[in-house]
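Just the one chain here, laid out as structure tokens, in the form predicted alone.
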Amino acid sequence: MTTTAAAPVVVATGLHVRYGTTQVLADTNLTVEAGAELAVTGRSGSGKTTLLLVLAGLLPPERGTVRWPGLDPAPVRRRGEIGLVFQAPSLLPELTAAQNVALPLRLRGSTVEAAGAATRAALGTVGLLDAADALPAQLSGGMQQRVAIARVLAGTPRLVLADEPTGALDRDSAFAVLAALRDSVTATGGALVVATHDDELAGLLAGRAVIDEGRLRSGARS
């Protein structure tokens, strides 16, 4: 798919999401342009994770719309252009680190050779090429999270949505991982949205928004 460089990657308008009687998002609007890198901050339970799930198309809003003008219009292909980093690594325990990274690529039709090359490059980026053959149980929590991030990087998504991606990492690893995520979307002409409570990391991104009482507002840079 060929897209205009200036086209927004994702546009959310008038989002309302409730869990039971709790209003999590209320009339939330967000446009993420190609090339943007945005930190979304806010207190625990403010709706950061919910916003990312809606932007990924995994959670339909009660009201409001989400469009992806900068991504493929076909839902199946569009899912391959969205990379979501969860707070928990969510690795398959019976697969090695390399197999966990390669699996989504193989499911999307990549050859063994292409998936292997992308996997090695991604594991190298997060400093875990030597752990390619290790099972998740043999890795620390921080290493598992880096494998999960490598899994996203290997797919070269145009929209990366990362939910507290560095929470389990030491500072050096956190900065390296954030740099890798930024480089990934720069290479694809895409966009990066990071939900985080870490002000120092948020301050490294070009833009910031704060969720407060279900609404999104621009925030000051750190």
Partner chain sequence: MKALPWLAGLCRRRPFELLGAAVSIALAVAFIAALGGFVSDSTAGLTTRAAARVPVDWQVQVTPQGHPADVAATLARTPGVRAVLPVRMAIVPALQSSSATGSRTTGQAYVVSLDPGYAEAAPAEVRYLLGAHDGILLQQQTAANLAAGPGSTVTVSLPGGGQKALKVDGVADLPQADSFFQVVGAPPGAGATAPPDNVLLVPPPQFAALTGGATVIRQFHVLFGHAALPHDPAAAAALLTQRANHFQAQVAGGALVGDNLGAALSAAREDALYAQLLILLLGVPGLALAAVVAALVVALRGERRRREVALLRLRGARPAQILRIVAAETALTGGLGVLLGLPLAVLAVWLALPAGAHLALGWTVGATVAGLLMAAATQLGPAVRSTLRPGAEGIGTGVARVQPTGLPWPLRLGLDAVLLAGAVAVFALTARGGYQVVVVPEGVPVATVNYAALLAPALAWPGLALLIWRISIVLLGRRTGRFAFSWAARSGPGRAPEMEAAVIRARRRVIARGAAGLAVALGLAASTAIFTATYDKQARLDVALTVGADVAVTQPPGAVVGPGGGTALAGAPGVQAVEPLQHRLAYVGADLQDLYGIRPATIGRVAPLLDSFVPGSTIRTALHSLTTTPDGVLLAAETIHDYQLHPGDAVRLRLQTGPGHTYTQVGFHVVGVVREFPTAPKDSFIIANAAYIAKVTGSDAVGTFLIRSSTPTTTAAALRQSAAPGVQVHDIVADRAAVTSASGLASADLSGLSHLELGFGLILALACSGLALALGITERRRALVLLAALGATSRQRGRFLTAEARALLAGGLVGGAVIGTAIAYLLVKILTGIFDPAPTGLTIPAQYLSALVLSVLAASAAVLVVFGRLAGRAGPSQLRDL
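In this text the structure is predicted, and so the values were computed from the model without any measurement. Residue numbers count along the first chain shown, from 1.
The same protein also has a form predicted together with its partner chain, omitted here; what follows describes it.
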Among Ala26, Leu38 and Pro73, does every residue place a heavy atom within 4.5 Å of its partner chain in the predicted bound form? no
Does any heavy atom of Ala137 come within 4.5 Å of a heavy atom of its partner chain in the predicted bound form? yes
Proximity of Ala121 to its partner chain in the predicted bound form, heavy atoms at 4.5 Å: no
Whether Leu107 contacts its partner chain in the predicted bound form should be assessed with a 4.5 Å heavy atom distance threshold; does it? yes
Is there any non-hydrogen atom of Thr50 lying within 4.5 Å of its partner chain in the predicted bound form? yes
Can you list, in sequence order, the residues from 137 to 160 that come within 4.5 Å of its partner chain in the predicted bound form, counting heavy atoms only? Ala137, Gln144, Arg151
